[in-house]
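Have a look below at one chain only, the form predicted on its own, in structure tokens format.
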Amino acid sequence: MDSSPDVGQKPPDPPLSVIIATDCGSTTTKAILIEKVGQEYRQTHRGEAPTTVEAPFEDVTRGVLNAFAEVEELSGRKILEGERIITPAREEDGKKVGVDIYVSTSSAGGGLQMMVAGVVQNISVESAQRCALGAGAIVMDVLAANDGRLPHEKIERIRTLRPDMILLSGGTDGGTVTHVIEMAEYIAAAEPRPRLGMSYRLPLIYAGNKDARDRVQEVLGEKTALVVTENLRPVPERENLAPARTKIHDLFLEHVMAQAPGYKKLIGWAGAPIMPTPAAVGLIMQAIAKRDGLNLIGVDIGGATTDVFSVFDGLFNRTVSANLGLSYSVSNVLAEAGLANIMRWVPFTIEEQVLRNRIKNKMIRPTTIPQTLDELQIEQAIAREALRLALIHHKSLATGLKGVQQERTISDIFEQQATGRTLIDMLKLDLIVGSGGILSHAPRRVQAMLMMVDAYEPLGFTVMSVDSIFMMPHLGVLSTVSERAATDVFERDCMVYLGTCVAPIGQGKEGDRCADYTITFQGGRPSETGTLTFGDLKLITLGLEERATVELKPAKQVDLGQGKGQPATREVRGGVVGLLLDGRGRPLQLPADPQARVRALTRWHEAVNLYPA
């Protein structure tokens, strides 16, 4: 949990007019050109090229230069002089030349892979996990003194993992040192080797009990590149993640990136530190939440993993569901959700074995895309479950601090129950941002909106949006240099507002009154009134720049956030889809009978014209 220190105090933004940014992904390097147009920043051109960190090139800058070349061709701006980026931006002989700054993120070569270790599973270890995830890492394993594994099993695990970095924490300042020293000794015994660069020592950050620092230095100083920083859980009641997270970013640049092919040159070009891609996405989420005073959830659903970000009351959290994705990990979604849960979203009858085979086929041919409507509907059904499960995972880690109610000895800590409550309150949620191919490139925007509504079951009034071309990483790293440029482009070019979902909380018999509504539109359009019944889904046209005031008078058992039966009035924003009134009840329940379920899905899909003939 992080109280947004990374977007806290910053110097004034420098005068920048032309910015080029890249995200060096595992397979593609994406470049965007941002220019100041009038008084605002806009994303004007983009280019992409294959990432060249692997053989035969083994130099990440080749892919970056190729992506730049595409931007040069499209924009008419000369950016490169040989292999040098021309700065600053100017005009020469009437031609546009150069950029003011270059910034980049990277997840090439598998991104930042970390192992975290600590003493107590649901206290220091969970804080360390939040710290590493928030820094943009993939957490390969979590070791705790009380995780049930025997010492030799822990040592063997550390030895075989080969992470980029280890984060060790544990113990409160002034508390017992025995257990955290024990963990340090396991690590020393394993003599862990880094994933990249055989000749250098593995970076290890110690962020535990300050009284154990000297002893940790003795145990690990010779065997790892040890960095000591402030305790990330100095007292049970407080989490202090920022110093350790800053160290992770520093070591990512100094050690991990420096070992990757071509990165030394890339670091020399960049005008700001290169960041892990997910860390940059987290930064732009925090910047937007802070600027507009919002609570938000962002999701990036990919082929192998699903990342979920949230900012609630200024507290930032990120989780990675490494086993939930729509191609390589699609079988894991099936295993975790169960076939019945996927089938409940398929709007036609299909034999279980046929559906199972189709999902397995997707796993062994992960790059295929749906060719028929049936295939699309099945893929979107799986996406609903992957999104739902990833949010459950996120809720379990995005919690208040656990176990802070009682004074205890270390032996008590081993016994205590989880007491942290999730910070994710769907009724307080203002905005959902969806990203990833299945959402950003859905054939119709309404499909993306309904997938997120079905999976997340937002409550009350929630604005829905998708990322148009996944430029959030670029904007996140840019926000460290110019927050205004980043938020301008995020608002105008990155986000596609889908509209607002209005979902009353409560249950009722299908066809019974859920709420009466009056919608008053701005701009002289006649107002609309009507009754939303249980089981109803209504889509009302409300364009991108349009606003309306929605007044709802719910049935006595229905809550809109004001209490049961209490009316609610809210100004809502439109979008490319519009205003969705969801009378299906919360929690959302689908008919158990297969035929009734297909009829209900078909009716809802027709109501919003989800799959037009």
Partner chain sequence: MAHSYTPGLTVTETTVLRKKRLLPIPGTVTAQVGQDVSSETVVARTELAGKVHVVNVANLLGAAPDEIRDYLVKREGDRVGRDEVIAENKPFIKWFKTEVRSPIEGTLESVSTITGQVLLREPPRPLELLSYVDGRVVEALPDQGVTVETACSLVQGIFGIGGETWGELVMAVQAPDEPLTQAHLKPEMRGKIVVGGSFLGADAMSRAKAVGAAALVVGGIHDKDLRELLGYDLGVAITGTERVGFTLVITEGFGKIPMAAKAFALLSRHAGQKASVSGATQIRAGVIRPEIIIPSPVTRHPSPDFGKGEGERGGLRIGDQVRVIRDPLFGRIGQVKALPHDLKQIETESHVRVLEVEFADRTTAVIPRANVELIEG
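Residue numbers count along the first chain shown, from 1. Owing to the predicted nature of the structure, the values given are computational and were not obtained by experimental measurement.
Although it is not shown, the form predicted together with the partner chain is what the next lines describe.
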property: Contact label in the predicted complex: Val235 to the partner chain, heavy atom within 4.5 Å; result: no
property: Partner contact for Ala225 in the predicted complex: the partner chain, 4.5 angstroms, heavy atom; result: no
property: In the predicted complex, Ser465 touching the partner chain (heavy atom, 4.5 Å); result: no
property: Lys265, heavy atom within 4.5 angstroms of the partner chain in the predicted complex; result: no
property: Location of the partner chain contact in the predicted complex, chosen stretch of 32 to 40, 547 to 555, 47 to 55, 574 to 582 [non-hydrogen atom, 4.5 Å]; result: 47 to 55
property: Every residue of Ile155, Asn361 and Leu376 near the partner chain in the predicted complex, heavy atom within 4.5 Å; result: yes
property: Interface residue in the predicted complex among Arg291, Lys395, Arg215, Arg513, criterion: non-hydrogen atom within 4.5 angstroms of the partner chain; result: Arg215
property: Sole residue of Gly76, Pro366, Gly221, Gly523 within 4.5 Å of the partner chain in the predicted complex, by heavy atom; result: Pro366
property: Members of 336 to 353 lying within 4.5 angstroms of the partner chain, judged by heavy atom, in the predicted complex; result: Glu352, Gln353
